[in-house]
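The chain below stands alone and is given in structure tokens; this is the form predicted alone.
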Amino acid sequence: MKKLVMIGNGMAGVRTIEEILKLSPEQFDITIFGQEPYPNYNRIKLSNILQGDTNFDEIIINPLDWYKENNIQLFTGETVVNIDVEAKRVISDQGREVEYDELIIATGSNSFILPIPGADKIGVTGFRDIQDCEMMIKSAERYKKAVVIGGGLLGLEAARGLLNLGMKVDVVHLMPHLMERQLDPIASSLLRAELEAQGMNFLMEKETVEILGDERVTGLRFKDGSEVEADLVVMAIGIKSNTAVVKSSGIYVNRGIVVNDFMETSIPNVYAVGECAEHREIVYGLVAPLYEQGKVLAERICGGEAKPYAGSVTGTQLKVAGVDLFSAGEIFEDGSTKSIMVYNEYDGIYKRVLTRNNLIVGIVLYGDTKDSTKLFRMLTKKEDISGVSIFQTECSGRASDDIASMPNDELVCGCNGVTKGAIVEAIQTQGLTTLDQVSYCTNAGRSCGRCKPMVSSILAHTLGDQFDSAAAQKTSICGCTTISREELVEEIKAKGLTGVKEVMNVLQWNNEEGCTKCRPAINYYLGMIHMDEYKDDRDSRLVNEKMHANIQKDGTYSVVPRMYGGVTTAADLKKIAEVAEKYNVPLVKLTGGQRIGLFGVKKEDLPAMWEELDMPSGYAYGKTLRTVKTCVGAQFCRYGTQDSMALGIELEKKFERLDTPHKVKMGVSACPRNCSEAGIKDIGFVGIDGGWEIYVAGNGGVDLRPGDLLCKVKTQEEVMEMTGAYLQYYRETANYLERTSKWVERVGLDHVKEVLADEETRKALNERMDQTLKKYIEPWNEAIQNEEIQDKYYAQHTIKGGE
């Protein structure tokens, strides 16, 4: 078996591996190095994370189990620093040496950072990966003034996200028009007006020459002498190919790693794909051409008759709520072009098509992009438009994209190169009936998601009378099945199902092994339903819960012991200090949840550290109660009205280790001054004269949400009763991975109040809660006493899949 090594674990590279596995799954022994400590994720949706529309778990494309199932050796958080092309081996920053027969370089790109004074100050970042997103989100918790340098696609998406985080945002742009490479002045002016209405402020024709501040940024100075204040600066002015790994290898580099039409570099058996590759003097930064490159490379490396990659025409869409925009091809007229234009300033609709010799050469659509698929096909296929109606009209008979008249080779999903014909064939041959199934089987809609309405229309047209609109739009557990959460719970109860694999087998999962989206969900629902007898399937949990530790960006782990209510003792502090010193822990930090976290711990050291600490796990990694934050309370504070520490400790001791659909955080404030931030917790308790106010469904993260008042109670016993009932009702009715804030918004606060107002219902919920709590044990005690668990999860030997 030939050895295939890939440097880079991003979208273009892993898509190439997917194509190789389709063509020749047994031909290669595959090893992948990823600089980031994550599996392959959808970089396109970083802006969605920043804008609060999704979370990291939801943008993972290929989870760790996928690597394991395909026998791929994955090294996360490890960077290849040298390629020895003579010996045909790569060497990582951890000293690991791996030989190869074929080598793919897929290192992607880095944000271009302006080479100006102050660019290295704290608070200056690019916008390229998860770390950049996390930095911006954390900055927004403390600071309020952001400046984005760059009025292009990425800059505007970053600016929208920062607005959603509650920051005031200035966008600095060198040119007189936004997105000048994709939009003409009219479309650009419409876009600017919409974004200004959303709250963005634009500083146009400004050239940044210095970033001000001492250690941290405080502002920017422009070439004209003017200045602007800033607590955070995001540079989104472009990308540059990441070619550092080939620096001394002899591989030819220009702007990127130069490749031919088969993605071959200047060195035999070495290939490059994605944003690190330069093809015919072009480095592509959009996903569609990178996936095209991956298909060509896969054919070539598997020994097939690969069709040469001739370059790509790309289309651009802006992922900002309230903005409907599409652009492709040429933007500006010259003496050889003619324009076809529709401009409705009142409704904010602008359509302009540039033609040359009866062929479309450029498209700009703003406000109404339903023509984009058809026009982009005409552009890329070089169709003669003589006598053809370019734009749809209300009476054209194709108001919702008449699927019947679409040719089979029309591109529906530009990101993944999926045509109408491919979607129709999958529906007909594989019996697909839902949008999720079509996306899972064809990849259509898996990237930016803009094509999903079109995919739904194709599904409806193909199925005809058999199409069930409600079923098609139903939210299934994942793409492995059409079954919804409610149906799954009912089937488990009705059929007496007791195991994850049994559920997938009896309920006829399309993918018999399931995936990392459905397996943890099934495991949770089984545990929630079978309170006493169910044995937790540890291998079906998400990776952090499987390891009982949070993985960090460099591949190390965190150890965070429980400190009930944020209260500790001198003896516990001493143990933590001794363990941190003994194991050379790089970072000891007070966390936001009033605990002490030890960060940078090696996987193999985890069991011994927990044994020496002899403290319960703080579950900083789990879908469970994370922490109960407290103020000092009436015992010490002159404003306090209640004993917040005592209540916090009682809450934490009762509900620790409880499995919940998502993480749960609590806060207890002894008075309305709210020092423990109880108003933005999943459950918050505020002391008042004569009792407590209980607030629910708060969220202090990206999607900031104040808690709603659930009720007022007089005693600590009533607090515990109401909290237990509320938590159990959430456990029984929420979707897996649904935060309490989203759950309450979905089911309605009034409904929750009505349910919990009934004394008998509260009693029954608490009885089920107490029955559930009896089964939980301290996870690290179990790991310390069980050598099989230690060997399987924490031993130093390398495990397939990067676990």
Ligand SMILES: Cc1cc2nc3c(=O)[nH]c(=O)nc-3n(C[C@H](O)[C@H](O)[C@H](O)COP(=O)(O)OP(=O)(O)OC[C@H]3O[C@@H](n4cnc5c(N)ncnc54)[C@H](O)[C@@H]3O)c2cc1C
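These figures come from a predicted structure and were not determined experimentally. Note that residue numbering follows the sequence shown and begins at 1.
This next part talks about the form predicted in complex with the named molecule, which is not shown.
- Using a 4.5 angstroms limit between non-hydrogen atoms, residue 107 touches the named molecule in the model of the complex.
- Contact between residue 28 and the named molecule in the model of the complex is not found at the 4.5 Å heavy atom cutoff.
- Shown alone here, residue 128 lies within 4.5 Å of the named molecule in the model of the complex, counting heavy atoms only.
- Taking the partner from elsewhere, residue 160 is found to have every heavy atom lying beyond 4.5 Å of the named molecule in the model of the complex.
- With the partner omitted here, the stretch from 169-177, 538-546, 279-287, 484-492 that lies within 4.5 Å of the named molecule by heavy atoms in the model of the complex is 279-287.
- This chain is displayed alone, yet in the model of the complex one of 775, 43, 768, 68 has a heavy atom within 4.5 Å of the named molecule; that residue is 43.
- Along 174-202, not one residue places a heavy atom within 4.5 Å of the named molecule in the model of the complex.
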